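Only one chain comes next, encoded as C-alpha cells, the form predicted alone.
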Amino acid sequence: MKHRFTGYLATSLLALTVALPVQAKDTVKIAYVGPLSGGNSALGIGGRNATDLAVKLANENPTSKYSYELVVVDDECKPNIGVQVVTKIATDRSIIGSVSNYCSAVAMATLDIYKKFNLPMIVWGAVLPDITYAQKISEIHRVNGTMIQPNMVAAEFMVKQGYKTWAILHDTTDYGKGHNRYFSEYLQKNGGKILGTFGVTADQQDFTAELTKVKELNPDVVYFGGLTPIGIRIRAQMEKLGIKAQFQGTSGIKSDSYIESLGKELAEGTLSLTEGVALERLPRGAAFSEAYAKHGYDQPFEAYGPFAFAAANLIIDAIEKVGPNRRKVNEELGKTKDADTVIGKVSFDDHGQNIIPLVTKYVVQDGKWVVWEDSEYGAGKRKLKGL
C-alpha cells in the first residue's frame, strides 16, 4: 500500500506539473524615436526595423526574463515634433529606455526631457558632438560616433587625392553648421583652400543662387554638410548648371534613397565618410543581415540600422540584468565597456559617448555604395571628377 501510494502521489504531481500553464513573462516597453515621414524617412524606417528586429529576437529567446514591446514614434526630423513625441514617451513610466534620434537638431531639442524624466536613451544616428559633450547628462548615451573624426579623415583623404579648392554648402541647422566647422578646420590644416561657404535652409528647394556663385568660383570639390533630401537636390541642380566639380558629402547622404532618387549615373562617384567599420567587415554583420532578411522587412536597414540594433540590444541586456527600472538601467548602461555588438565593441566614456576610432570611406559605384578600398576608384581603375 505504501509503495502504491508513493507511486500514485508521484504520478499525480507529474500530472499536475504538466497541467500547470507556463507562467507569462512581464512585458517591458522600450521606445524608438526617428523620422518615419518626410525626406529622411528611409533612414528612420531602417532604424525602426532594426530596433524591431532586436525586440523580436529577444522575445524569441527562451532565456529572456521579460517580454518586450516596442513603442514607435515619428519625430519627422523636426525639433518641435521631437519635443512632443519624446515628452509623450518620457512621461509613460512603463517605457524603460529609448533608442533615439537620427537627426541632431531633434536630439539637441529633447536632451533635457530625458534628463527631467530620468529616461535612459541611446542615440543611434545623430552625430553632432554637443549631444554628448556640451553638457554631462547621465541619461544620454550614443553608440555611433560624432562628426569630428569623419571630417578629419575626409579632409586629409581629399587633399591626398590631389584636390586643392573647395566650395562648401551646409544646412543652417546645428548639424550642418557643425559639419562646416569641423571640415573647414581640418581642411585648412591639411592645406586645402575654401573659395566660398554657403548656408542653405533645411527645406530649401532651389539652389540656383548659391550654385551660380559656386560655378563662378570653379572649385575642384563641392562639399555638402547636410542630410539626404538636400543632398539630392543640390547634386541634381549642379548637373543642370553644368558644375563639373567632385561632389563630397557626409554620413548624412549615405542612403540608398540618394542613389535611387538621382539615378546611378548622376550619383556615380559621390563620396561619403561614416564613422565605424563597414558592416560586412564585422564578425556579427552577416548574422544581422540574415536575420533582417529572414524577418521579412521590405525596406533596407540603411547606414545606421546596425547602430539602432546595437542600441536596442544594450538597453534590453541592461533590463535583463537589473530589471525594468529606469534608474538602474541607466546606471548599468553607464558601465558599458567592450560590449560585443553588431557594430563592434562598444564602450561609453564619462559623457556616454561610444569611442569609435575608425572611419569608413564610401563611393557610389554602379548604383551602390561601395567601401573605397574595395572599389575600382580605390584600385585606380576609375577616377573621381577632376583627377
Partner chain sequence: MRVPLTSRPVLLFVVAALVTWALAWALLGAETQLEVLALFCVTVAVAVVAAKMKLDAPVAAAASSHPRALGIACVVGVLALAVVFHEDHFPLLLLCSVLLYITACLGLNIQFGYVGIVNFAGAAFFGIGSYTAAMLAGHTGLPHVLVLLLGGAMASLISCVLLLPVLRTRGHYAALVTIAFATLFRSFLEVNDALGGPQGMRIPALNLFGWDLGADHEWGELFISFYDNYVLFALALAVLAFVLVRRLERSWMGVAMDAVRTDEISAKVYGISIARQKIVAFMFGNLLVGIAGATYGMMTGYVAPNNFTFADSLILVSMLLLGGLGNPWGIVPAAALILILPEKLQFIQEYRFLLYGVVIILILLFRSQGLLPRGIRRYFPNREAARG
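Given the structure is predicted, the values throughout are model-derived calculations rather than measurements. Residue numbers count along the first chain shown, from 1. Superpose the two forms; the largest set of C-alphas matching within 1.5 Å is the rigid core.
Keep in mind that the form predicted together with its partner chain is missing from the display, and what follows is about it.
A.B. asks: Can all three of P79, V85 and D112 be found with a heavy atom no more than 4.5 Å from its partner chain in the predicted bound form?
C.D. replies: All three within 4.5 Å in the predicted bound form.
A.B. asks: Answer with yes or no whether S37 is in contact with its partner chain in the predicted bound form, where contact means some heavy atom within 4.5 Å.
C.D. replies: Because a heavy atom of S37 falls inside 4.5 Å of its partner chain in the predicted bound form, the answer is yes.
A.B. asks: Could you tell me if S104 has a non-hydrogen atom within 4.5 Å of its partner chain in the predicted bound form?
C.D. replies: Taking the distances in the predicted bound form, the answer for S104 is yes, it comes within 4.5 Å of its partner chain.
A.B. asks: With the cut-off set at 4.5 Å between non-hydrogen atoms, does A287 touch its partner chain in the predicted bound form?
C.D. replies: The answer is no: A287 has no heavy atom within 4.5 Å of its partner chain.
A.B. asks: L128: heavy atom within 4.5 Å of its partner chain in the predicted bound form?
C.D. replies: Yes, L128 is a contact residue.
A.B. asks: Counting only non-hydrogen atoms, choose the one of 154-162, 245-253, 311-319, 114-122 that falls within 4.5 Å of its partner chain in the predicted bound form.
C.D. replies: Residues of 114-122 come within 4.5 Å of the partner.
A.B. asks: Could you spot which one of V72, L217, A236, L241 gets a heavy atom to within 4.5 Å of its partner chain in the predicted bound form?
C.D. replies: Flagged contact: V72.
A.B. asks: Could you work out which of Q204, T197, Q299, T212 is the residue within 4.5 angstroms of its partner chain in the predicted bound form, going by heavy atoms?
C.D. replies: Answer to the contact question: Q299.
A.B. asks: Sequence order please: the residues of 180-212 with a heavy atom within 4.5 Å of its partner chain in the predicted bound form.
C.D. replies: The stretch does not touch the partner at all.
A.B. asks: Comparing between this form and the one not shown on the rigid core, is the C-alpha shift at T91 2 Å or larger?
C.D. replies: Not so; T91 is displaced by less than 2 Å.
A.B. asks: Examine G82 after superposing the rigid core and state whether its CA is displaced by 2 Å or more between this form and the one not shown.
C.D. replies: No, G82 moves less than 2 Å.
A.B. asks: Superposing on the rigid core, is the CA of H295 displaced by 2 Å or more between this form and the one not shown?
C.D. replies: No.
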